[in-house]
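The chain below stands alone and is given as structure tokens, in the form predicted on its own.
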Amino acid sequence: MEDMIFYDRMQFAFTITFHYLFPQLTMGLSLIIVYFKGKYLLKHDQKYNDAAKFWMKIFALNFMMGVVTGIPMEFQFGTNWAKFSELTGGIIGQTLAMEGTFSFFLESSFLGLFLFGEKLIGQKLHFLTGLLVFIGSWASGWFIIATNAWMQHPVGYEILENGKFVLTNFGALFSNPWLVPAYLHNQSASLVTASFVVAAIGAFYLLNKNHLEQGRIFIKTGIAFGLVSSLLVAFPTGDWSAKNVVKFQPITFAAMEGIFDTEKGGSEIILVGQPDMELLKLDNKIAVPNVLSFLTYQNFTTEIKGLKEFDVSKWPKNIPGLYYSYHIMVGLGTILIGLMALAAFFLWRNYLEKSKWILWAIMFASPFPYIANLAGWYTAEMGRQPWLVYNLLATDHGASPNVSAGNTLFTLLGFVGMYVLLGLLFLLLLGRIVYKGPETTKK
């Protein structure tokens, strides 16, 4: 049974990790594309229209990969997690169906019009199609995170005698106190990813001395959006989300921060340390006294409960993994803020294009937002364990009882092989788009 649960979780973790490489770019990129198109309408400068069309090609490629990798992931609700689907389908089916019916079709329909309909529908309607793609993309994130928010903090439900969850308050799904902070944090993080990709390709063109005009537009836009969004990820959205964890999942918060013992007179914030699960302590830690209490409660002396205060059976299953994921997310987020702030200063002082080292830094830092986004989702999902629905439905009660560990491992290996090929194809196509560069329309 433990092997079966392990491989079920591994397969879902692998497929959703690979899948989320693509939506995190498309959601952020859709807003930047709307910005480029809107600026073209305001300034009547063709280079912004060319920029919008260039990035929509990359958006379309990412969107296609997101669809291809998202369908197998959702099928796993019926294959590997049939019991979970049976018990909770009356609730999570609402939001997942709305995501497919409203968001996906809105996004995909108007994506086609944006790509191929500019001459047919005119510039104002072309802008409108881009705006609707953006709305569909962000609405998709809203419905998916509404689903996850219910699993993290279930509301508006009733459990029948047969164990099934039924929805008693539809409005509660979208007024869930977990939803808005998680959604804003996720969307801000997606915009960080898109900003770094836009800035990185701009830096590449400047270093390569090719497509210089577009390169300058890309890097200026990427830095502007990147600085604002990276700050928003930290505050207020990250702070708000962390306070929700403290309020609704105090065990998770203690594990994230590496707090094993309750500290009287205020809790320290851990900068560096390694969890020792045998002695239940942090090794080689570097900490700042009382800061965590202040950040959490705005009071330096408020105590935060440690893991030892709670029932061990309710602890997250992988505390080191949770701890490291959280600290990777926070550490990379801090680096991204610093890099974007430095780049913005150089841009303001007109030193950016002359300072090749910072252009290289932006290029090489472009994978960091992807890693930080995934680490953030690992934190959320490992933090919810050992529950599928927090405090109500245990993970080992949601798996499909008739799917063996061997079957799951076999299909997992198949997914690995298939996704490696898809990933290589994606990189090849992306490379061709970037190498060719934006098409310059004659004025």
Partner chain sequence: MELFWYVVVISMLTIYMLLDGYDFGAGIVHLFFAKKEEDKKAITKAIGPFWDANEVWLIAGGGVLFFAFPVLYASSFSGFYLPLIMILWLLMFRGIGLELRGLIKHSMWYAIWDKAFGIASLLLALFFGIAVGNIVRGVNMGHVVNGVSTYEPHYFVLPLWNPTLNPLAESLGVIDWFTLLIGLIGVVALTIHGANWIIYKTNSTINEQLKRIVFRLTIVLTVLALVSLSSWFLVIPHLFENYFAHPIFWIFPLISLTGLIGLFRIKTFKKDGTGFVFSSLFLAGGLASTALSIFPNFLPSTNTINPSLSIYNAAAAHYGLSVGLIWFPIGVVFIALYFILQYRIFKGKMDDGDYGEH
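Note that the structure is predicted; figures quoted are calculated from it, not measured. Positions refer to the first chain, counted from 1.
There is also a form predicted in complex with its partner chain; it is not shown, and the following applies to it.
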{"query": "Contact of residue 414 with its partner chain in the predicted bound form (heavy atom, 4.5 Å)", "finding": "yes"}
{"query": "In the predicted bound form, residue 111 touching its partner chain (heavy atom, 4.5 Å)", "finding": "yes"}
{"query": "Residue contact check: residue 166 to its partner chain in the predicted bound form, 4.5 Å heavy atom", "finding": "yes"}
{"query": "Exercise: residue 13 in contact with its partner chain in the predicted bound form, heavy atom 4.5 Å", "finding": "no"}
{"query": "Stretch in contact, per heavy atom within 4.5 angstroms of its partner chain in the predicted bound form, of 387 to 395, 62 to 70, 30 to 38, 374 to 382", "finding": "62 to 70"}
{"query": "The unique member of 300, 345, 310, 75 whose heavy atoms fall within 4.5 Å of its partner chain in the predicted bound form", "finding": "75"}
{"query": "Listed residue (138, 104, 127, 183) with a non-hydrogen atom within 4.5 angstroms of its partner chain in the predicted bound form", "finding": "104"}
{"query": "Those residues of 365 to 380 which, in the predicted bound form, come within 4.5 Å of its partner chain by heavy atom", "finding": "none"}
